[in-house]
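One chain comes next, on its own, written out as structure tokens in the form predicted alone.
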């Protein structure tokens, strides 16, 4: 699953994720945020399987925590629910905190999808000519977390096999510090090896060419055209204020007018382009296998 979207040209995938993340960050509509959150989660499930649902389990307490923190420090709003130590707890503050938490989790999930599609090879292809050093740094950052996690697991397993399972809190802390120390040394060595390797290959020097397997195809052009049309239409519809929601001093509610429904539909169609491509691919392969 996800092969159809993964094979698109890197520029098409990059523009798609940029649009999704920007829309998710600037939108004030609860419905558009919900659509973005659901679409990101669906795409992540397509790319990673059912284990991506752990993001959903993590999102619920994160959104509740964001609402609680915002309520504790933000007392604006006209609808007072109760008073705690003389401080008003307002409905608008609770809603705004939940929306802020949803924005944060939505962006995190989109970036999780981004890291699975935009490999270091694609990042290097996009930005190597513009800024070789920055593109190399960005590609290393993208793989840093999974790489460090795998190394930490290997070091911890080696420690366990050599010295057994530590007993007590002090033993676990000591084992953790040992793993961190070894992990830092190994990460520094890998960074130095990467720098020397790229320097020996002449990376970043003027006139240096590089092989690329990415070609802009007719499918890439069609997907990009549809994406740009839907983006422009959704942005124009949202620019009319048909879906804009205000949270203070009173929550304006969810917009349900005809222009709002059109905006929601265009936005959902835009964000689910990858899922539609993957579904089309699955239907195609199922049909071809049934003909064998």
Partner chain sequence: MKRLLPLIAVLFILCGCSVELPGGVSSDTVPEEGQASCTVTIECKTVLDNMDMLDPDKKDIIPPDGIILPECVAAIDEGDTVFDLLADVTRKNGIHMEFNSTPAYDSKYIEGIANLYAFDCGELSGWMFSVNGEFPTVGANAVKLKDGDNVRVLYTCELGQDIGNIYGEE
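For clarity, a rigid core is taken as the largest C-alpha set superposing within 1.5 Å between two forms. Positions refer to the first chain, counted from 1. Source: prediction; values computed, not measured.
Below, we turn to the form predicted in complex with the partner chain, even though it does not appear here.
Visitor: Classify residue 158 as contacting or not contacting the partner chain in the predicted complex by the rule of any non-hydrogen atom within 4.5 angstroms, answering yes or no.
Guide: Residue 158: no contact with the partner chain in the predicted complex.
Visitor: Classify residue 174 as contacting or not contacting the partner chain in the predicted complex by the rule of any non-hydrogen atom within 4.5 angstroms, answering yes or no.
Guide: No, residue 174 is distant from the partner.
Visitor: With heavy atoms only and a cut-off of 4.5 Å, decide whether residue 104 touches the partner chain in the predicted complex.
Guide: No, no contact at 4.5 Å.
Visitor: Looking at the partner-bound form in the predicted complex, is residue 246 within 4.5 Å of the partner chain by any heavy atom?
Guide: Yes, contact at 4.5 Å.
Visitor: If contact means a heavy atom within 4.5 Å, which one of 160-168, 106-114, 178-186, 85-93 is the stretch that engages the partner chain in the predicted complex?
Guide: Only one stretch passes the 4.5 Å heavy-atom test: 85-93.
Visitor: Using heavy atoms only and a 4.5 Å cut-off, determine which of 191, 198, 219, 78 is in contact with the partner chain in the predicted complex.
Guide: Among 191, 198, 219, 78, a heavy atom within 4.5 Å of the partner chain in the predicted complex occurs only for 78.
Visitor: After the core is matched up, is the C-alpha of residue 172 off by 2 Å or more between the shown form and the other one?
Guide: Result for residue 172: yes, a 2 Å-plus shift.
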